[in-house]
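The chain that follows stands alone, in the form predicted on its own, written as structure tokens.
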Amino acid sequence: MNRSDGKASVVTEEIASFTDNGILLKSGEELTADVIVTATGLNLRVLGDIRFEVDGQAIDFPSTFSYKAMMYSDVPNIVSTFGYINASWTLRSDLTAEYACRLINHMDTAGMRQCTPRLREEDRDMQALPWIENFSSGYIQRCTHLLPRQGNRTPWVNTQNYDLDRKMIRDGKIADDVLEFSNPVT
């Protein structure tokens, strides 16, 4: 390749070794290179690798269902942000922050210290699906077993759709038939 033509190439193949002129691929092909950028893959740290407990019992997030893609079934008082995989990360981050503020304000007004998403009776038999579907990127595939599940009905679906989420999160009421408010302020 003529380096003065302003073009570059990307090769995604396994490297056998580095050579004086570039790299030798497992296929036997040698690529000459001025610059080599190696990428071994991102490993997500789900919820920062923090061990969470409720009443002394460790929370097993992969056994929970994701409520509105930001809270977790049977886990009180936690809201987390995981942006979109198909749009700007900040779109969902903003919705999540806005919802968290609305939730806290609602809890203050109601005089409650605890809010817990609970599966409704009709949700107990819903299909458990991967939290993110149809996304082949390695950084998600390597941690799918560590993520919560999503269901096949609202509000347990991780939509990856800003328009649907905006209506559900921004326009939906806080006190619904899923959130359980408890532990009143005394």
Ligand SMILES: Cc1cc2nc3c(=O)[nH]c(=O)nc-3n(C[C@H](O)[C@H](O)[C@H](O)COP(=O)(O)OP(=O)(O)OC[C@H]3O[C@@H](n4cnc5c(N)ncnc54)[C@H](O)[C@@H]3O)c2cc1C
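Numbering starts at 1 and follows the sequence shown. Predicted model only: the values in this text are computed from it and were never measured. Basically, rigid core = biggest C-alpha set you can superpose within 1.5 Å across the two forms.
The following text describes the form predicted together with this ligand, which does not appear among the structures shown.
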Since only the chain is shown here, I'm wondering whether residue 58 would be in contact with this ligand in the model of the complex (any heavy atom pair within 4.5 Å).
no
So in the model of the complex, does residue 176 come within 4.5 Å of this ligand, heavy atom to heavy atom? no
Q) Does this ligand get within 4.5 angstroms of any non-hydrogen atom of residue 39 in the model of the complex? A) yes
Is residue 163 part of the interface with this ligand in the model of the complex - any heavy atom within 4.5 Å? no
Of the candidate stretches 59-67, 27-35, 145-153, 41-49, the one with residues having heavy atoms within 4.5 Å of this ligand in the model of the complex is 41-49
This ligand in the model of the complex has a heavy atom of only one listed residue within 4.5 Å, and of 91, 101, 110, 85 that residue is 85
Checked 136-157 against this ligand in the model of the complex; residues with a heavy atom within 4.5 Å, sequence order, are 137, 139
Core superposition between the shown form and the other one, C-alpha change of residue 175 at least 2 Å: no
With a threshold of 2 Å on the C-alpha, tell me if residue 14 counts as moved between the shown form and the other one once the core is superposed. yes
Checking the C-alpha spacing of residue 12 and residue 147, a student should find that in the model of the complex it changes by 3 angstroms or more, with the atoms farther
Relative to the shown structure, Cα residue 141 and Cα residue 15 in the model of the complex (3 Å or more change) are closer
